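What follows is one chain in structure tokens, specifically the form predicted alone.
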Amino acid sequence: MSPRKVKKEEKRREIALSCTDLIHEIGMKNITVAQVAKIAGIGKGTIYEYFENKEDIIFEIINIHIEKYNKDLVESLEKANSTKEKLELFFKLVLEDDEENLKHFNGYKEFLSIVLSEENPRMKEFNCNKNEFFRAKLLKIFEDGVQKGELKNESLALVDGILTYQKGLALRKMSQNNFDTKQNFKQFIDAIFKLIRLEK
């Protein structure tokens, strides 16, 4: 990548990061290019030197969040001892209710509402790419469990089902009052592990 391209990518990230709090405050649907320009301290026209449109800014912010989430996840997974612990970490975005995590969860909720409510092929493609990214992480967790002799080899066939369960769990948390996300997760994972854990 040429130095000019690198500089442009850095500026793109800088602009996107500058408006992250604004997006959490007013929402992805409500933010305007003019607001982004103002927060970033640049002219509205300059925004289009770095982004195609508002949607492109949202993609960049989500990418930044995913990069950070992935870095934190990888560091946490390295410290975890069992596949079950790793799965709890993988599900953290849905399970935890601390302020910082809820901010990210609500961002995911809004992004998902855009994907579901608008016929936007680019958003759907972006969502598919990120889904594949997280599927690969989940598959690695299960492959490691099989290699350690902790799980049956057949457990690898559950990866897509568990990823689908994660999405369903997130939707139930978003749409149901008094839904006990942690309890539901515990019951599900305990039942799965009774089936896939190798007896020692």
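What you are looking at is a predicted structure, and each value in this text was computed from that prediction instead of being measured. The first residue of the sequence shown is number 1, and the count goes up from there.
Another form, the form predicted in complex with another copy of the chain, is not on view; read the next lines as being about it.
For the candidate spot formed by Leu116, Ala157 and Gly161, every residue has a non-hydrogen atom within 4.5 angstroms of another copy of the chain in the predicted complex. Only one of Leu169, Ile47, Ile31, Ile58 lies close to another copy of the chain in the predicted complex, with a heavy atom inside 4.5 Å, and it is Leu169. This chain appears without its partner; in the predicted complex, the one residue of Asn101, Asn127, Ser82, Ser76 with a heavy atom within 4.5 Å of another copy of the chain is Asn127. Of the stretches 170-178, 35-43, 65-73, 141-149, only 170-178 has residues with a heavy atom within 4.5 Å of another copy of the chain in the predicted complex. In the predicted complex, Lys109 approaches another copy of the chain with a heavy atom inside 4.5 Å. Within 4.5 Å of any heavy atom of another copy of the chain in the predicted complex lies no heavy atom of Phe51.
Taking the partner from elsewhere, Asn184 is found to have a heavy atom lying within 4.5 Å of another copy of the chain in the predicted complex. Although the partner is absent here, Ile192 is a contact residue: one of its heavy atoms lies within 4.5 angstroms of another copy of the chain in the predicted complex. Contacts with another copy of the chain in the predicted complex, taken as any heavy atom within 4.5 Å, map to no residue of 140-155.
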